[in-house]
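Below you'll find only one chain, the form predicted alone, shown as structure tokens.
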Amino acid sequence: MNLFTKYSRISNILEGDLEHLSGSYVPDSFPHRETEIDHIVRVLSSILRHTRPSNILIYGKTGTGKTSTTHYVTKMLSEASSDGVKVCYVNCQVYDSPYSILITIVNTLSESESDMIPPLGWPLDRIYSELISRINRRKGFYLLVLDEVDKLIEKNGGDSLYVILKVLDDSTVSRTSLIGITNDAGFLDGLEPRVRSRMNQESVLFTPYNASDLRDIISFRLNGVVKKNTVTESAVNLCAAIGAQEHGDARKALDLMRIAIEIALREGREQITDEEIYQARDKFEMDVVKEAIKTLPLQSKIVMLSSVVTQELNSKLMVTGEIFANYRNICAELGFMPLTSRRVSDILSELEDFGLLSATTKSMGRYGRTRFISVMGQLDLFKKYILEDENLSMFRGSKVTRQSRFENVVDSRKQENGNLEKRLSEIADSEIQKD
């Protein structure tokens, strides 16, 4: 008997495509984003009057619909414009340098594979000249969408965006505008004045969804995907509530519902209830952590591994210096060149922003202020996910040793605090007796 036979039976739940609940799906309507979409449309409508529109900067937390609505609006604009609008979408998490972004734009404008330029080998000024030449040769309007644009600045500084913005000014025959998408509300404040002045942008803020908004979004996406009454109202409300707790993340809420439906399908259940939502949440959170660790750069994985083994040895030693010492030991064992302590400290901060670590700064009295680190999850699972990387699979911990110098400082500080509390208590008792 074929192992897949039991899963091939006709579903009593589905009547449409589950893809409609995925984060990559672009629907034909966006509940509770009508105001933001109208703002973007009004700015871009200048193109229909043959006028270059202002640049647009779209802010909002993860899962608030920034990227999906941008794809939706630019598609509608291309259909409405008689001259045609060329849209180039670039994710700066993937293409994170001016060099790779300019090559991507040039190749988007290529009419055939033979017309494309190689990813390496050309100097930046030649790529820039080729891009300007191709833009002006085609004429018309161009929209350059930089998703996660803050990642470009984070890695390369403000000059990287300056180069991109200069393309807009130098494309004199064609008219080019920029749409930047970012999670960072302070993005503009971090730019140098000369870069900020070139932005000439209108800003659109995507506020987080509340539970009521998410309930409407989930119900809208479920329409035509599942049969009527197969998803209980309670399950939809629970899914929306979980998404609202995650800063109004519609992507997470929809993924939870999709996973819950998949669980019901595998188990042959006829309805999606709270039980399936809770099961989906547990599976989702486990998969998110695994995916987050899996996609970390190699050096970040080594720093994460150092954090795990340091906490395994003694959670009281979870300070930057001890983690860096074990990081160097791991690099020595596996044959990697270690980074500087400052760079490792930066990576620890990045891992904290990613939700994999937490950090608390405490005063150690005469020893100064110290940052204590804690791994936010099960140490054995974190280590298992990290060691799935073939570059780290040979780690055995042979060179990792328990440090003791800082442990003595911590114990000394605790003793000082205990003595101080005891003395304060004695003074208080003495004052009470006097009264």
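We number the residues from 1 along the sequence you see. This one's a predicted model, so the numbers in the text were calculated from it and none came from an experiment.
Absent from the display: the form predicted in complex with a small molecule. The rest refers to it.
Only one of Ser393, Ser29, Ser398, Thr35 comes within 4.5 Å of the small molecule in the predicted bound form through a heavy atom, and that residue is Ser29. Contact with the small molecule in the predicted bound form, defined as a heavy atom within 4.5 Å, holds for exactly one of Arg215, Arg221, Arg258, Lys151, namely Arg221. Here the chain stands alone, but in the predicted bound form its contact with the small molecule, taken as any heavy atom within 4.5 Å, falls in 64 to 72 among 64 to 72, 371 to 379, 384 to 392, 39 to 47. Taken together, the three residues Ser22, Tyr25 and Ala250 all come within 4.5 Å of the small molecule in the predicted bound form, as judged by their closest heavy atom. Heavy atoms of Ile132 never reach within 4.5 Å of the small molecule in the predicted bound form, leaving it off the interface. At a distance threshold of 4.5 angstroms between non-hydrogen atoms, Leu254 is in contact with the small molecule in the predicted bound form.
In the predicted bound form, at least one heavy atom of Tyr209 sits within 4.5 Å of a heavy atom of the small molecule.
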